[in-house]
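This document starts with one chain, in the form predicted on its own, laid out as structure tokens.
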Amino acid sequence: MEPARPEGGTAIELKGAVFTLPVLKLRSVELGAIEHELKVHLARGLNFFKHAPLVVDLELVRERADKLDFAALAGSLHDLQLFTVGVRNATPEQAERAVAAGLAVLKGGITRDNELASSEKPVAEELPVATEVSRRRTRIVSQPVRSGQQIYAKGCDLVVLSSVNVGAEVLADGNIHVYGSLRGRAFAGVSEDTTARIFAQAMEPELAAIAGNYQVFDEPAASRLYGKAAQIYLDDEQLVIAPL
């Protein structure tokens, strides 16, 4: 006997959506060391990551992660109120063990193998930088981005002519330009573009990230430029905040 149809005609609706997922890039496979450093890191901005879905990146530890207990790692992160949804940059064997532990396997991100392969392509196949920049589109938002809103500039830069309020999110595969106050969360280089930057006339974000590298803006390093015209860029996986 078939179940009764709901009033809308279907029981589910399967759609794609954009979410900002924090990435935990492991440099060690020692669970104790991972947990200790996470506690220190989260103490500076726990409210932003509490109950957050997390992706574990194995790129830097793939040669040492064959004995990593994914179930124990997920359990340790759960104790810190972080929920592991999957892994990326895993070997096939590591991916199998991650799936057996109930985790997804994400294909996004650039691995070292991909970087090596791209460097072996003939120079003639590479597009000049100027050509890439000229083809990049821009999404322009003229109204303030209010609390609870999320604006995503897929495949291009994002320009906000007004302000980004507390509780709002702006995301872009490229750069983010805010010509007012940036008080919400800003995620540039979402598609792993490490050259992306965040610009604002008044830099006051709750959280800023470039290519998955995060910084909470209550840290002392940011206080000197808080509320001033500034830019944020990535240098050796560390966010740098500099005046405009």
Partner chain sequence: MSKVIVVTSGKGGVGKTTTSASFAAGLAGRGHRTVVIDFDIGLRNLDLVMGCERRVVYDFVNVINEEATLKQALIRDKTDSNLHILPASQTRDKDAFTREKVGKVIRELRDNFDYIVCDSPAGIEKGALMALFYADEALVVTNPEISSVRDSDRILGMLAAKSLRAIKDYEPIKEHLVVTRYCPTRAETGEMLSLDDIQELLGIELIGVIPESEAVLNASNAGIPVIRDEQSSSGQAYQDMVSRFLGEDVPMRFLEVEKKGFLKRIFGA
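Positions refer to the first chain, counted from 1. Values in this document were obtained by computation on a predicted structure and should not be read as measured data.
Form predicted together with its partner chain: not shown, discussed below.
Using a 4.5 angstroms limit between non-hydrogen atoms, S76 is distant from its partner chain in the model of the complex. At least one heavy atom of S147 is located within 4.5 Å of its partner chain in the model of the complex.
Its partner chain in the model of the complex is not approached by R185, whose heavy atoms all lie more than 4.5 angstroms from it. Its partner chain is not shown here, and in the model of the complex it never comes within 4.5 Å of any heavy atom of C156. Across the options 86-94, 99-107, 67-75, 160-168, residues that bring heavy atoms within 4.5 Å of its partner chain in the model of the complex belong to 160-168.
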